[in-house]
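Consider the single chain below, provided in structure tokens and representing the form predicted on its own.
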Amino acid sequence: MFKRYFKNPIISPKDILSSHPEMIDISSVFNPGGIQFGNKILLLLRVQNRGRDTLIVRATSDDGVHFSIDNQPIKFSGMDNLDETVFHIYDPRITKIENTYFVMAAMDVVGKCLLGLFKTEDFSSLEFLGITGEEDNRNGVLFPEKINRKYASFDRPNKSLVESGVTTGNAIWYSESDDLKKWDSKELVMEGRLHYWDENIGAGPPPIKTHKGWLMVYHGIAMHYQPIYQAGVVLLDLDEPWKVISRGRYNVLEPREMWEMVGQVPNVVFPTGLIVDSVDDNGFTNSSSEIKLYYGAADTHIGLATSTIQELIDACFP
């Protein structure tokens, strides 16, 4: 259902040009968060250097294809009193609620991964608001509006141990909060499907509001041979987003190009940024709206693929 941009990858390590001491000779750039910011498309790139330090770097574009990339990383504030030692902040997902932009990102600490929530008005820096919970967790995405008068999010608790010794997850959960600080895990949304393309799963970009339901692009991992990361779609109830209306049987994007199959982590397409062409005053997207999906490829490059709301809704139904 997704069609790759013909000049993919749109961002590669060679495109990061900087004299900043941490941004010289970049090894990889991938898993970007995305948002419409004024009249530009803005991405927050996950950038790694040769020391495997992880940086978040801003990039902007007029057309969604050609990006101007900052020559220094985003600065974080408000983390001085955090009890945990944070090694990396990565895989940002961006959501706009009213006039504030929120970023939910994974944070590697001793022995586990936590989800951190940040806010910004101009993306010159990110202000830390807190962690969403103490348990090992990843793939957190914030809804663009309150559900039943509460802030809402999806996340993916890490409870499955794979052969490499890394913990991952096979279930997406719905969580809610009154104040964006204390979060309660409330409902199981869906689990991975054993022996199929999405055995382990996690939310991709923040869900999209359509007249048919919340549309979410998620990632799935086939684990039966060598892990293969793919993307799929699911349609969820508008009022109770933990209820699945229909879930696509097939993936909508999988590693097929050489730069998706070969890299720092082979056989990966990982959806993290999504831009919708048009949204009305009530937050609904038009069924004919174009979608731009930005995704990490083999944990080394960034790719762009396009579709429409209607095509993805259709793909949710077997």
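When you see a residue number, it is the position in the sequence shown, counting from 1. Not measured: the values here are computed from a predicted model.
The protein also exists as the form predicted in complex with ligand BMA; that form is not presented, and the subsequent description refers to it.
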Checklist entry - Has each of F67, V276 and K292 got a heavy atom lying within 4.5 angstroms of ligand BMA in the model of the complex? => result no
Next on the checklist: Under a 4.5 angstroms heavy atom criterion, identify the one residue in T285, N31, N251, N49 near ligand BMA in the model of the complex.
Outcome noted: N31
Checklist entry - Pick from F118, W173, Y90, F143: which residue has any heavy atom within 4.5 angstroms of ligand BMA in the model of the complex? => result Y90
Item to check | Region of this chain that lies against ligand BMA in the model of the complex, out of 37-45, 277-285, 263-271, 59-67 [heavy atom, 4.5 Å] | outcome: 263-271
Checklist entry - If you check in the model of the complex, is R138 within 4.5 Å of ligand BMA, heavy atoms only? => result yes
Item to check | Non-hydrogen atom contact Y229 with ligand BMA in the model of the complex at 4.5 angstroms | outcome: yes
